[in-house]
Every structure is written in C-alpha cells, then in structure tokens.
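Next up: the same protein chain in two forms, each one alone, written as structure tokens (structure 1, then structure 2).
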Structure 1
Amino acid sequence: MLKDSIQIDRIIKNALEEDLGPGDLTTDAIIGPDIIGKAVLEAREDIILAGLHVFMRVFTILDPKVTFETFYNDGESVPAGKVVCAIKGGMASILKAERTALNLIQRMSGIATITSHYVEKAASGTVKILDTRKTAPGLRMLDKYAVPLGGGYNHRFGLYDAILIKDNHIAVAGGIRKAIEAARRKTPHGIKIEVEVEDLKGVNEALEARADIILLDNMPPDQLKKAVKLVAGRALLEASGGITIENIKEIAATGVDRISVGALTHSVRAMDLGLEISRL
C-alpha cells in the first residue's frame, strides 16, 4: 500500500487541476449537480491490477460522497471482460474524475503487467528484476509502487537514498577506485556503494576498491558469465542496459544477481481499462 497519502493527494490534485482548470465546460453545461449515476471499471484485456486505491481517491477528492464496491485487489490478475469495481455517486463528479482516474490506473497497471512478463520470461527464482529512475516526472511514487505488484523490485527511489557511481562520476573523479574511495569517505554507515563498469578490467578495479554492488553496463552474455566467475560472490552483480523481453532469459541464466530494466517504467503501454457510466 502507498503510505504517503499527502503526496498521493498532491499528485492527484495536480492532475485534476491540469485537466479541469476552472471547470468542465461540457459537464457543467449538460449535467445537473443532483443527478446520480453509476459506473463500472472493466478490464478490457488481461492485466495485473495496480493503483485501484489511487483510482478511487481521484473521485473522492472531487466528491467525498462517491462510493465503491471492489471485486479485485492490487497485485491480482484480472482477466479481460471482468469488472474491477463499481462506482455510485453524483454523475457530474464521476464524469469530471473519469479521465484522470483512468490515466493513473491504466499506467500503473501497465507497469505491473509488463513487470510480470519480464519476471516470468526470466524464468529464474534467484535473480531480481529491478526498476530504474526512468519514471514519468512527478509520478515516481506511483510508478515504483506498481513494480513489486508485478513481481519486480525497486532500485533506488532517487539520488538521495543510494550511492550509484556512474561513468560520468568516474570520469570527473579520475577513475573507479578514486570515485569509490571518495564515496566511502562520505557515505553513512549501512549505505551500499554501487559502481557502473563497462568491462572486466572495470570489474577488477571495483573489486579491489571493495564495491558492494557492481553494475555491468551493456555487457553481452559471455562477458557477464566471465564477470560472475571473476567476482565469485564477493559483490552483488547487476546487469543493465539493452535488456529486453527477448533477451532477459539469457541474461538471467548468466548468474547475475540483479537485472535492472528501464522499460518497466520509461515507455510502458497503458492497459486498456474502461469506465461504463449510466444514470440511475
């Protein structure tokens, strides 16, 4: 469950303001405030559900009197044609909230669903499939919430909660060892240090500098296997870059501990969920 209700409400209110502005010209002109309606949220394709409580919160922010009956929970598989929840309330409120609510749940369910496909395709009970920071601006909390619902894991949430030394940091610091040593001097106890490398020479340098996690950037499977043998459990190994649904099984079979996949969030396809609305 998403715990930061204040931030969730902020996300939703910003989205509603973006869509509604000073008011819904169409609905306000046609639908009276006393008309009561109902709606059903239906999955129009097979999905892993994510963001149902966010979806419902869009409506209750506009109108606290809107009520719901839910038939599925986040993280559950919903077959095409099944009703996820039923809504009852002021017709004007339902119409005004419809697009924003759908945008959020469609995206979140898309992330959970594609994550489940990557996890299933990897066919490994040991490797962890991780997300990245390649999320929609302003929606990171929601994007990253959806990933574990599909069986994946969260990487760092932002620049503030983990050390990840990338190629540009290394270039400025003057090398892998110097970058790791500088990071270690200023890193609070308990924070692991991860470093990105591009070849086996970089793997050796990272090991010598006692990196906790080594990110193997765009390495082909044969190089990944060599890195796994070289490291021999002395650090966690993360494969990243160029990971697709087509090659993830081969990548997972190399023996790496983690695989980070930007595609889980950066270019996700929204799932097809629709709202059927009628007057009572």
Structure 2
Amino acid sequence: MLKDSIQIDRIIKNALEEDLGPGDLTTDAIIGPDIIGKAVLEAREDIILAGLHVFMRVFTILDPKVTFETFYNDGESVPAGKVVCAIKGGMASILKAERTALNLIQRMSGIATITSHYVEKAASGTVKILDTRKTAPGLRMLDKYAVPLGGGYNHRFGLYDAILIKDNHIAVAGGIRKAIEAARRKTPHGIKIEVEVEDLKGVNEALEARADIILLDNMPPDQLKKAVKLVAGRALLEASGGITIENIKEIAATGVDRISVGALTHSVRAMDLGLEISRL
C-alpha cells in the first residue's frame, strides 16, 4: 500500500513544499552540495513503529541518492533508545527533509502506539478495535495505515466505501426498515449495510431489515449486553461513542464484535522520535 502509492507521493510532495516554499534559506546559504552527512533515527520512548517507508520516501523524493539501513519494520515494538534506521546522503538533503519526515513518522507511530494500548486494554480475543473518520484532513490514508500496525482494524475509509445509516438518514427515510431498503437498492456490490441505533427497539428493527452491521451508539454496558444476547450472531455489533482507555475493557466484556474509537486518530500524541545528524 505504501510503497507504490501515487497518493502518498502527493501527500509528501505537498508537505515538503509547505515547509520548503521557495527554498531552505539557512541550509542553501551554508551547506554546500558536496557535504555528505549521516543520521540515525532514534526512538526516545517505547513505540509501535509506523510510517518508516513514508519517512524514507520524504528523503528520496527530495534526493534519490540518499540511502538507508533499517533495523525495525513497521508494526514492531521499538524500545526507547533504539535506532530505527540509519541514513546517509547529502547533508543539505537530510536537513531539508528532516522536519517533514519526522512530523509524519511521529504522528503515524503515535496512532499505532495508542491503538496498541486500546487493544491491550480491551483484553479480548475476539473484539476488533476500529478507527473512525476523525482523522487529520488530508492524511487519512496515513492515519488509517497506522491503525492495523497497532493491532486495530479499519472502519470505512470515507463516505464511499460503506453504507452507514445514521439518525438523520432514518428520520428522512421514515424509519430504519425504509432507510435500509433505500440503501440496499443503491449499495454497490461488495459493500455491507450498517445502521446506527440507539436502543434495543432499534436493534430489533435493524435485524428485521437484515442489516449486516448494527452500530450501538452510546449505549451503556448493560444495554450492550442485552443487544448481544438479542442479536445472537445474526448481525455484527459495533459499540461506539465515548470510548476511552478507561472504559474499553468493560465495553469489550459485553461481547460486542467491534468497538470504534475516535481517539485513535483525532487527538494523536506525536511519539518522540528524533534524528541525530552529523557530518561524514
């Protein structure tokens, strides 16, 4: 997904231009084109690594002659103090790419790491932790790439690759059954139908209309348990709304199939990964 992507190259070029504009004034004034440098990317706290190929691609887009030696792969756990990757190439290129490359890998590793915390905390062999569409605008592809590296799963990538019927759709359609039927007539082959409900009555209506997935919005654990019992495997059940690292274990224990967590991507803490650069 990441190595051959035309979209990722566009994200990176866009980010580089944003930072470089008409040029790196400082480096262009001081660092000649023949100065060669090296750098090591270090984890300065324990992380789940995500975005190493994106990180390296920033350098090679700017300067195809930069080379790398990697010591970890995406998805691996990197302890604080370990070197993730060594870089060699034009000092000017390294300095120009540094900030953009770090901004990307720090965010992506932040997402993978927090996801792994939610997954561990859920402590369930069967429930899947899902992301949401609450991503940084323009970076969804990268945000979504990081989630499975932390053990999570992707919910839909956008409005175009799943049907998710919400309260307003239901209100306009005139009920859950009517909304599902309208959607089914237009749903592309290969796409499941999910419907958001707020209570057990909604669960029943969704079941009757043969929804593939039922999203249980902001329901308390006891209600979730009842829904699980009621559905008995006839549809997938997704719990959503107000999920935190504190309550995810309790939610997982209700037996729902999926738990979607906005916090995986909407409030990302950048992981502390740093670049030590020196002249060769």
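By convention here, residues take numbers in order along the sequence of structure 1, the first being 1. What you see is a predicted model; the values in this text were computed from it and never measured. Note that the rigid core is defined as the largest set of C-alphas that superpose within 1.5 Å between two forms.
Kindly point out the structure, among the two, that is the form predicted on its own.
Only structure 1 matches the form predicted on its own.
For G125, is the CA shift between the two structures at least 2 Å following rigid-core superposition?
Shift of 2 Å or more: no.
Core superposition result - C-alpha of H189, shift between the two structures, Å
Looking at the C-alpha of H189 between the two structures, the offset is 3.2 Å.
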